[in-house]
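The chain that follows stands alone, in the form predicted on its own, written as structure tokens.
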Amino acid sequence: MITRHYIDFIVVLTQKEMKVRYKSSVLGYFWSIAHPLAFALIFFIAFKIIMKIQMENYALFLITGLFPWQWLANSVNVSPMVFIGNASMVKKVNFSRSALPLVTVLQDGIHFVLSIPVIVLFMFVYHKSPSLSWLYGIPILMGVQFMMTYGVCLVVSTINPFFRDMERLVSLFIMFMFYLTPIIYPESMVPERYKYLLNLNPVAPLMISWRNLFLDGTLDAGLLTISISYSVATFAFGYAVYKRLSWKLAEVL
């Protein structure tokens, strides 16, 4: 059961991590959006200017996929060091260790929320406007992505202290998933005989749902159902791994 003490603990840890992240940083908010914007610029130059991909509003298309992807990628990439970086706390303080990866996912989720105004700005540049469906669509997709990302982070952060190669495997995994997910290209470019593979990619339906919501104001029930199924399964697996190994964490750190 989630208690008031646990919630307060999460809030305090999140505040601490946010302060540490932006300590002595003059351009604090800018850095939360600089990375996906830089990638958007690179891909825009490569595919729109050099390769001349035939797609309208390609810059807007890119950021509506890169911003939610960045939330997942950032959380998963740092998750191998979550318990290792807080080894002294894990060894000396009696608390639910699952709070540490949760805080990691939560703070990156906050940064994603802070990036939404940038998406709105780009929409106005391309003579588009936010849809009322954002009011319910964004919270729904954030909940789905939070559960999925938290599940992955639980697996990675729990296993890495026992198997230190996990950190390198994760970076490769994220790179493969990025290019196998329709983020810098539309799903319509995937050959018809391979389109079924999109539903086998746990991240693809979610990223497509984000883009459809931002660009068209739509939330496809089929894609959402698939995303929720993957999210619940990922969280259940992650929590099972954590429960099985968490009691040994203090010994191996």
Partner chain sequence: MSEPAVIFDNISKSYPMYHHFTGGIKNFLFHLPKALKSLRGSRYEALRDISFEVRKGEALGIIGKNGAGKSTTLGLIAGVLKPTKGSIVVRGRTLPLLELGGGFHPELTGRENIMLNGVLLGLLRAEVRKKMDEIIEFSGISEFMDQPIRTYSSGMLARLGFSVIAHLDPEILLIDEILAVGDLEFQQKCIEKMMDFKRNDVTIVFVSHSMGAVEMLCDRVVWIDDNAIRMSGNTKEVVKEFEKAERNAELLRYVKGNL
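Given the structure is predicted, the values throughout are model-derived calculations rather than measurements. Positions refer to the first chain, counted from 1.
What comes next is about the form predicted together with its partner chain, which is not displayed.
Proximity of R168 to its partner chain in the predicted bound form: non-hydrogen atoms within 4.5 Å are absent; the residue sits far from the partner. Contact check for M89: a heavy atom falls within 4.5 Å of its partner chain in the predicted bound form. F95 belongs to the set of residues with a heavy atom inside 4.5 Å of its partner chain in the predicted bound form. In the predicted bound form, F162 approaches its partner chain with a heavy atom inside 4.5 Å. Of the candidate stretches 75-83, 175-183, 154-162, 128-136, only 154-162 has residues with heavy atoms within 4.5 Å of its partner chain in the predicted bound form. Taking its partner chain as it sits in the predicted bound form, the stretch 227-253 comes within 4.5 angstroms of it through a non-hydrogen atom at W247, K248, A250, E251, V252.
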